[in-house]
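Let's start with one chain on its own, the form predicted alone, as structure tokens.
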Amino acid sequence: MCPDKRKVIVTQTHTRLAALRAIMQQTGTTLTALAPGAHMHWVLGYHPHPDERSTYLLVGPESAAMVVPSVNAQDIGSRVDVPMHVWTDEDGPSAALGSALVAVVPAGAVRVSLDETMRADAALLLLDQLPAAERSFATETVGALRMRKDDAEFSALKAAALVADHAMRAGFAALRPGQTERQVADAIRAGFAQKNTPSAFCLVASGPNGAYPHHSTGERVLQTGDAVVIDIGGTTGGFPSDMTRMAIVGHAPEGYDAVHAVVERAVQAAMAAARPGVAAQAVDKAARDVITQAGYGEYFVHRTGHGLGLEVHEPPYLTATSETVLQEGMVFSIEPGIYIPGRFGIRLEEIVILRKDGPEILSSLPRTAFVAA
């Protein structure tokens, strides 16, 4: 890693450790324990590859430490500015973990915030050394901080969204009768590749397949009169994109326009409801009420949205039961849908960042259905 980039990452790490300690104090947490993954990446600007060799970032009220296997120690040490406790395959991680815990929480941890994505074997090894500690998940510490994006994160997510726009246009260009779903998906992946972005997922659901919200793209041949759900995402500069748009092959199936209009009204209702200080469930309700009042409530079978940041699905979740209070700077999807078995499905998905006066959409593509000849 070049010295200038490392300096930027180290400075960011110190800032985020300070923010983490502040929220730990608010929640009465004396130890946050993270594994390689998105939480650790948010703090360090990097995370080693997660595997069977236990690796931890331990953060206490005043200090932090990493527990790392010797085979990865040199690489990790070149990237982070955190004291390391190294273990070997011959000795195992227990002793290194114990010394790190003493260094970080010398009086013993009273309440540990545990990375919910940590491997079970690593989590049990840690908890065995903290038998008296109260336990919670890192969703209330690191997770709470990750929900609000800073300017750099927003810029990265905006750039990722614009790349997805390009890939979606490539998919539109490939739509025509006789093409298979998989061929359209291949065109979308090529569109991502043109922008040096790996495709993370690509759902192309044509005709009756659109009634399955998570259809697996297959060999169905597109036909005139098909409605096509296209849900795509890639990873640009370490940040994901996620968007869904509709396309029509030749002409729309019977009843399509009326249902599309209902879903569009649901999107607009959710956008109008999303404001700082509003509970996430209120946004879900706003979208769901529109669809229910139009007579399609039984066909809206999923949540209205999910957060997006280092991961394509992360808090906040916009569900009927979520009491998360939305805050300025949160990034999430708004994606109501109607899925009519045997006929078609319609989902319209925007990724937005919440500003003080409401949501700002990251994509530049309109939500009107693309019509392929």
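Note that the structure is a prediction, hence the values are computed from the model and not measured. Numbering starts at 1 and runs along the sequence shown.
Below: the form predicted together with another copy of the chain, not depicted.
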property	result
Region of this chain that lies against another copy of the chain in the predicted bound form, out of 23-31, 326-334, 44-52, 59-67 [heavy atom, 4.5 Å]	44-52
Candidate from 289, 140, 75, 134 lying within 4.5 Å of another copy of the chain in the predicted bound form - any heavy atom	75
302, 182, 111, 166 - the one with a heavy atom within 4.5 Å of another copy of the chain in the predicted bound form	302
Contact flag, residue 115 vs another copy of the chain in the predicted bound form, heavy atom cut 4.5 Å	yes
Contact of residue 257 with another copy of the chain in the predicted bound form (heavy atom, 4.5 Å)	no
Touches another copy of the chain in the predicted bound form: residue 313 (any heavy atom, 4.5 Å)	yes
Residue contact check: residue 90 to another copy of the chain in the predicted bound form, 4.5 Å heavy atom	yes
Sequence-ordered residues of 108-135 touching another copy of the chain in the predicted bound form, heavy atom within 4.5 Å	114, 115, 116, 117, 118, 119, 120, 121, 123, 124, 127, 128, 135
